[in-house]
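Okay, here we've got a single chain as structure tokens, the form predicted alone, with questions on binding and movement later.
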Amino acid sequence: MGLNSKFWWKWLLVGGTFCFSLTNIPALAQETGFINLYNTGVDIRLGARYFERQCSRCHGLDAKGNDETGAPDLTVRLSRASSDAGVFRIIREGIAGTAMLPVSADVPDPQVWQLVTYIASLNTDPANFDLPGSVAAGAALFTGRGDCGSCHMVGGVGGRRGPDLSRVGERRDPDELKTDLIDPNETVLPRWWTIRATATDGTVVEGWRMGEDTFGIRLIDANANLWSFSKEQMQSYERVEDSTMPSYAQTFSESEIDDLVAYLFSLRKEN
């Protein structure tokens, strides 16, 4: 039996507080287009504070996830929830069989909703940007003179020596994309650091750092070969935290950079 509007508002107004627990009606919340009432700028800031204290340990301060721990990127469209109500339920209940644990029962619902609002604010809406570049011209540069596909994959086509860009427009805004093209060394995630390892027999292997701990390292070379060394097996090794991607500041004109940014920003999951 559905909830009529009179009954709904009765729940909202009892005691002047929000007391209708979504954990009791997860399916209904998904289907009826439930509206999050904690959706102001203040709520975003308070949600961000809670995120930094409790969620950033796994998802990172930038909320872009962690490949090594399996924590997903929260700045893109979420695969497990299509609404604020769905995100609320995941935060409240956790996800069985994963490292995503439920929040403490002591955390009040309004605080969870503020966290939901903050997470929703991270998704970059293309409708908010009026870009000067041409998507078509940028696509031609990407596959042509830029030879970007030799390192990056888009839609299952391309190389693996750099991040998959199939949905890069969901996790990077235009300014960030422009910086990536002009100054790729500004922010290099540990996943894309490289290592030059010299084994005890003199063999030198260079590749992307896949894992490193007190006892050894793992790396993958340009031919997609996976190497594993204990530190006792190495004469030396060097970790390089610069990007392997070249700067395009001198390669492309300003308008061509704008075209590439427009193309990259258009790359997102199809509806």
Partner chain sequence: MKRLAILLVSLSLAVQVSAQEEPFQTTMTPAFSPVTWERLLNAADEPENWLMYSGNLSSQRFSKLDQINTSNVADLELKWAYQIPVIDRAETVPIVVDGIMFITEAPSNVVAVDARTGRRYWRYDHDLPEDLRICCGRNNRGVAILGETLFMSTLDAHLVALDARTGNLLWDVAVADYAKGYSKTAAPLIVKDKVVTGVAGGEFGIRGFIDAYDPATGERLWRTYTIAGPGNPDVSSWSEDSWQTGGGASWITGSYDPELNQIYWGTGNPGPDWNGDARLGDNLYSDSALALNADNGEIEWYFQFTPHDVHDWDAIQVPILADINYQGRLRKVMMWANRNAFYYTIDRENGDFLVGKPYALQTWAQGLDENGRPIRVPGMFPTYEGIVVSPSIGGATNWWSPAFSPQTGLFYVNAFDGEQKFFKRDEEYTEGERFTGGGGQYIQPIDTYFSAIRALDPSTGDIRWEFPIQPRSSAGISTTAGNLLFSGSVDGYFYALDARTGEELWNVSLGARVHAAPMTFSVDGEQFVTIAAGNVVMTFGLKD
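Residue numbers count along the first chain shown, from 1. If you superpose the two forms and keep the largest set of C-alpha atoms that fall within 1.5 Å, you have the rigid core. Predicted, not measured: the structure shown is a model, and the values here were computed from it.
Although it is not shown, the form predicted in complex with its partner chain is what the next lines describe.
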Going by heavy atoms within 4.5 Å, which of 115 to 123, 100 to 108, 81 to 89, 139 to 147 lines up against its partner chain in the predicted bound form? 81 to 89
Partner-free chain; cross-checking its partner chain in the predicted bound form, the single residue of 40, 228, 69, 54 with a heavy atom within 4.5 Å is 228
Are any of the heavy atoms in residue 175 no more than 4.5 Å from a heavy atom of its partner chain in the predicted bound form? no
State yes or no: in the predicted bound form, is some non-hydrogen atom of residue 237 no more than 4.5 angstroms from a non-hydrogen atom of its partner chain? yes
Although the partner isn't part of this model, could you tell me whether residue 246 comes within 4.5 Å of its partner chain in the predicted bound form, counting any heavy atom of the residue? no
Please check if residue 61 has a heavy atom lying within 4.5 Å of any heavy atom of its partner chain in the predicted bound form. no
In the predicted bound form: members of 63 to 78 within 4.5 Å of its partner chain, any heavy atom: 77
Yes/no, residue 221 Cα shift of 2 Å or more between this form and the one not shown with rigid core fixed: no
After superposition on the rigid core, does the Cα atom of residue 72 shift by at least 2 Å between this form and the one not shown? yes
Return yes or no for residue 181: a CA shift of at least 2 Å between this form and the one not shown, with the rigid core superposed? no
